[in-house]
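Presented as structure tokens, the chain that follows is alone, the form predicted on its own.
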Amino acid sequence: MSVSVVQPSRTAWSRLRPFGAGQVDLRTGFWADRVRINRERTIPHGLDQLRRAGTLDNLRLADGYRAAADSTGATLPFLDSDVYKWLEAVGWELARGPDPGLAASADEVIALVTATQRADGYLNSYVQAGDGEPYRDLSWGHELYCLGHLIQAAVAWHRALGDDRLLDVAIRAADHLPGPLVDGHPNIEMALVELARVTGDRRRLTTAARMLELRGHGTLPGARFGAGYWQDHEPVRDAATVAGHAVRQLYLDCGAVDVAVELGDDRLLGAVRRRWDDMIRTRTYLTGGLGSRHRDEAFGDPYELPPDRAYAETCAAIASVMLAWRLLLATGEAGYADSIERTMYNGVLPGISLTGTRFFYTNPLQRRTHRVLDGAGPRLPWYPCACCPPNLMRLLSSWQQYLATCDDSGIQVHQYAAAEVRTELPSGPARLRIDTGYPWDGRIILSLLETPAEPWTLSLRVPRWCRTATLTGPDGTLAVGAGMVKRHRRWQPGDVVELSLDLPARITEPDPRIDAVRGCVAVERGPLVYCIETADAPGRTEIEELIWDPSREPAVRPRPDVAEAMVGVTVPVLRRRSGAPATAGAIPYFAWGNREPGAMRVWIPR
């Protein structure tokens, strides 16, 4: 059995089964490097920041201890969740391999969490160190949101390591709930489903399902941005479009998918899919970013996607990956894997520096030369509201689980990285090695190391962005189109399949209904969106003075000056005032903001 972040039960209506910790090993290359940096730098940095910010001291205060003299005494009601996300990340990391120092740090934090829990099972440092009255402010208190993250951390430690210290705490905390409640920030719903899957206690699933049914009837008071802010304006089954705070909406729909597949509820799943389709079509940035309004961290109107004012919170991108993964498991449709790829490279990774220790909370697609708008400043080592950094940690720690799936017919590879994949098919064990330089190189070579004697199906995703692709294997070479390419045969150890994806730089035009970028173009290559920074403008010209030159084509060139193995694009431009031709360098959007401060833009005027 796999041990993974999302693990539908054997009776769930789920098309695909996830691979778990220990079934996929990242070996070398792009994603292995990002995951290694997360383990070696980001997670230790996160613990240091949790200490500096006073987040751990909040738990000590709730337990009756005096805060450290140098603590800032953090006061936001949701900060416990940052501790739990960090613990979840560590759980998945330790499943990938031992780390005595990391394990000792986690033991200390788990002991602190355990000591903070009240005798009756209740656990929330903000309430315990305050008036001590649970569930008094469901609108803004984030109590169930924090409990959800505690449960998710506990599930990770149980599945990955067989360690139930946190699970015991989480079960007691969940038992304290007086019944189904509606929290201002969804998250508890998907956590309770996972708790039901781990414990076999279907009461948790029933509670999660009831929480979904209670939402959408205006039961949460004090919505300064309207009931739609926390999706309390329409029932979950009826709402046709996403609304309000982007992360809240996406977390809610994650829970809805989890409940739907466990209960076989096609109507509920269909409602989520309709919202998803509308969101991708009308409210998603080229980068996969979500949320266009700073005021309420919310989705805007259809096609309201300003590049400079984009909120595009890192947590919203992460939540999008979480939801797309659930929809992929539920339906088996490759389009959800396409969305995961776009969002991981261009929506999630920009939120963390190449060094792994500085973060963006918001991710605009343009930073101006002379006026830096809210959220467009440099990456910071931490934030007073630090939801994004530990969220990045837990996603990167579990990222290898998102690469492939299986079902009774065979193995499906959705994301490409140099890795080894192994599973048990109905007819026997299967193991394959993936070699690739993706995303810089479009060749993906899959070698069969072990295979059942009976025929089975190997499925590979050809992304929608790919215009030309070929598949070479024991049956010869053929051109293939976007979607899942399936090969059913009696495989032999030593068989090799090569998928070749053409990766020219390509020019992308926006939907004409997006007023803010009408008449502009963007540059993409493979799964990557590119941008221009001041450092790569010709003669240090202000990038607002550059316009696209339609008479020339972009060209690909290496950019080892930014990062090893990175491939950049040379962009043809004209100087606006003189009309003189020039070229500007473009780098992947995820890598912007790692050099000296300057302007940046994805969309280039024509």
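The shown structure was predicted, so the numbers you read here are calculated from the model rather than taken from an experiment. A residue's number is simply how far along the shown sequence it sits, counting from 1.
There is also a form predicted together with another copy of the chain; it is not shown, and the following applies to it.
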- Task: Sort through 78, 140, 361, 303 and report the residue having a heavy atom within 4.5 Å of another copy of the chain in the predicted complex.
- Result: 303
- Query: 353, 331, 207, 369: which sits within 4.5 Å of another copy of the chain in the predicted complex by any heavy atom?
  - Reply: 369
- Message: in the predicted complex, is there a heavy atom of another copy of the chain that lies within 4.5 Å of any heavy atom of residue 516, even though the partner is absent here?
- Response: yes
- Message: Taking any heavy atom pair closer than or equal to 4.5 Å as contact, tell me whether residue 441 reaches another copy of the chain in the predicted complex.
- Response: no
- Message: Within 4.5 Å, heavy atoms only: does residue 218 come near another copy of the chain in the predicted complex?
- Response: no
- residue 576: touches another copy of the chain in the predicted complex, heavy atom cutoff 4.5 angstroms: yes
- Does every residue of 13, 467 and 483 put a non-hydrogen atom within 4.5 angstroms of another copy of the chain in the predicted complex? no
- Heavy atoms within 4.5 Å of another copy of the chain in the predicted complex: which stretch among 165-173, 411-419, 516-524, 340-348? 516-524
- Query: What residues of 592-606, in sequence order, lie within 4.5 Å of another copy of the chain in the predicted complex by heavy atom?
  - Reply: 601, 605
